[in-house]
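Listed next as structure tokens is one chain, alone, in the form predicted alone.
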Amino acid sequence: MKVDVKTAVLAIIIIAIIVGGTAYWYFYIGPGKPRVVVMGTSADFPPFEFVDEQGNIVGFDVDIAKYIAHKYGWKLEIKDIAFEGLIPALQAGEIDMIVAAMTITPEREEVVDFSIPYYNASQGVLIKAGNPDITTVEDLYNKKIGVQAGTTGEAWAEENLANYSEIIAYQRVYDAVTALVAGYIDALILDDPVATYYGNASADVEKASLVIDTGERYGIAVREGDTELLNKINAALDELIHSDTYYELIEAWFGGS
């Protein structure tokens, strides 16, 4: 049987359109479309999250989130939000999860659900380079102490120093470090790995000897009742923490500390 060439070509084109249209629907509109998960973070907290020279948000927490997203084939989007605005943004549905070196606390657990812990930390102290070292809590008395608003460092300072020193809260760690260098504050309390990072990265500040053992544990926060997302995050974190990849990330961002 003879087949008309034009008819055959037309049939092939029609089939291609149908297949292509079906594939487009499946992968871009239908059930095959990758799930978009929006991560909220405060990108001023190196080495956990910060903006690199190319303008990209990078860091230990970002790599954690990318690992989770890759495991499930999700498309990860990142929103940079001031730390104290992260939980309100989560509750408002602007983001799906908070990955921002956020300490698990009873107060926060009243309004969000946390994953299993993925990092342990204490509080450190930054001082201006050349200033006398701070070795005890009493060395912080009668000074202007900087903290980041909404953090456990602020909570600790308010509980332990408010009767002795002036506590000044900043929205961003960058602003607090700038204030420290300019002499507007005498010391800056922030998570110890971040204090270590700044102490190593800048000649203008140095990490004091005092480490405040607060026994903190970081977790990923999701909206209350979002069990499906939380279970997936926990499964991925458990897999990561018990793999060589986790220790490679520790080495890469903290130098094995």
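This one's a predicted model, so the numbers in the text were calculated from it and none came from an experiment. Don't overthink the numbering: it's just position in the shown sequence, from 1.
The same protein also has a form predicted in complex with arginine (ARG), omitted here; what follows describes it.
The contact with arginine (ARG) in the predicted bound form, taken as any heavy atom within 4.5 Å, belongs to A100 out of L161, A100, V177, I127. Proximity of T152 to arginine (ARG) in the predicted bound form: non-hydrogen atoms within 4.5 Å are present. Arginine (ARG) in the predicted bound form is approached by R108, whose closest heavy atom lies within 4.5 angstroms of it. Although the partner is absent here, Y218 lies within 4.5 Å of arginine (ARG) in the predicted bound form, judged by heavy atoms. Proximity of F45 to arginine (ARG) in the predicted bound form falls within the 4.5 Å heavy atom cutoff. At a distance of at most 4.5 angstroms from arginine (ARG) in the predicted bound form, all three residues E49, F83 and D191 contribute at least one non-hydrogen atom. Only one segment in the set 224-232, 64-72, 36-44, 204-212 has residues whose heavy atoms sit within 4.5 Å of arginine (ARG) in the predicted bound form; it is 36-44.
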